[in-house]
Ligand code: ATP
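In the form predicted alone, a lone chain appears below as structure tokens.
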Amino acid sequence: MIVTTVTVRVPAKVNLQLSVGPVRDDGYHDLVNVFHAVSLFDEVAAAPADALSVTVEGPAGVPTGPDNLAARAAALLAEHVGRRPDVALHIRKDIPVAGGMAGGSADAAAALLACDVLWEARLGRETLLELAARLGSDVPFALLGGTAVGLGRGERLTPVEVTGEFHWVFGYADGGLSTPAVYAECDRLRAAGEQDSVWPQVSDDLMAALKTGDAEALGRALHNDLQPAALSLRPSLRDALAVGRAAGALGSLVSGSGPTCAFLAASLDHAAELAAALNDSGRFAAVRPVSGPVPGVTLV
């Protein structure tokens, strides 16, 4: 059977808990990262070609050269299986660029699966997860999906039991925030004594809320150690978060390194009401209601 094009769908994520430990000797931080995949998707199509190339459909600002994370994923997989990375990758983006929702990492995970199928490599899930971890801390979760605790740099994953479905509204800010810049600001705030640095632990309250499907308890348990740094770099996010709380969100936080804001709703109807209030506020470039958890990379 000759495969001509393989298309893979991959979700965005929100960090329900992002606890950041002190800087390690290698410059990274130990993390407790509770990932939650949501119904906002990119698609990556892989087709045979004479050389590796990337094209992007959607928001501006995505690199199309060899530094594109999806291109790096294809090159890494090709090296692993001993072949040339002759593939044309087309990325159809709906996940915000530099929005704290791991859109680039999601595209890398999608490229790994798409090229694995296109080249009939038939690598197992564990091998793909190992390759994903070499590409970045958020890439393995995009393969896994659902809800999971990530330890180390976030790449050591354990699935989490979740009851039911949670409804969210994401508010997109204009422009992005650089993840390295946000971590650097977090380190600066801690060095200046403006933010505590403690050894990260998984939140028992968060785990209990997910297991029982208690949205109100989940809203109270949401936590992001990078939020003060994101607010320091983008002070307007304080007002954006306040709008969601005033509109009745059960919980709110900056997603990952930001600047996307995530608001937890009580129900599907409440999410629609919350989205309307956020739209009317004029604080956001765009507003999207979503739900989670959803599966990771999926063949279309």
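Not measured: the values here are computed from a predicted model. Residue indices: 1-based, along the sequence shown.
Quick note: we don't show the form predicted together with adenosine-5'-triphosphate, though the next part is all about it.
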Quiz item: Overlaying the pocket C-alphas and bringing adenosine-5'-triphosphate over as found in the predicted complex, would you call this site open, or blocked by 3+ ligand atoms sitting within 2.4 Å of backbone or C-beta?
Solution: open
Practice problem: Using a 4.5 Å heavy atom cut-off, state whether Thr127 contacts adenosine-5'-triphosphate in the predicted complex. | Solution: no
Practice problem: Consider Ala46 of the chain shown here, and say whether it contacts adenosine-5'-triphosphate in the predicted complex, taking contact as heavy atoms within 4.5 Å. | Solution: no
Quiz prompt | Ser203, heavy atom within 4.5 angstroms of adenosine-5'-triphosphate in the predicted complex | solution = no
Quiz item: Does any heavy atom of Gly150 come within 4.5 Å of a heavy atom of adenosine-5'-triphosphate in the predicted complex?
Solution: no
Quiz item: Okay, which stretch from 243-251, 227-235, 264-272, 54-62 lines adenosine-5'-triphosphate in the predicted complex, with non-hydrogen atoms inside 4.5 Å?
Solution: 54-62
Quiz item: Out of Ile91, Leu131, Leu222, Leu210, which one falls within 4.5 Å of adenosine-5'-triphosphate in the predicted complex, going by heavy atoms?
Solution: Ile91
Exercise. Would you kindly say which of Ala75, Leu157, Leu118, Val97 lies with a heavy atom within 4.5 Å of adenosine-5'-triphosphate in the predicted complex?
Key: Val97
Quiz prompt | Partner contacts in the predicted complex for 269-300 (non-hydrogen atom within 4.5 angstroms of adenosine-5'-triphosphate) | solution = none
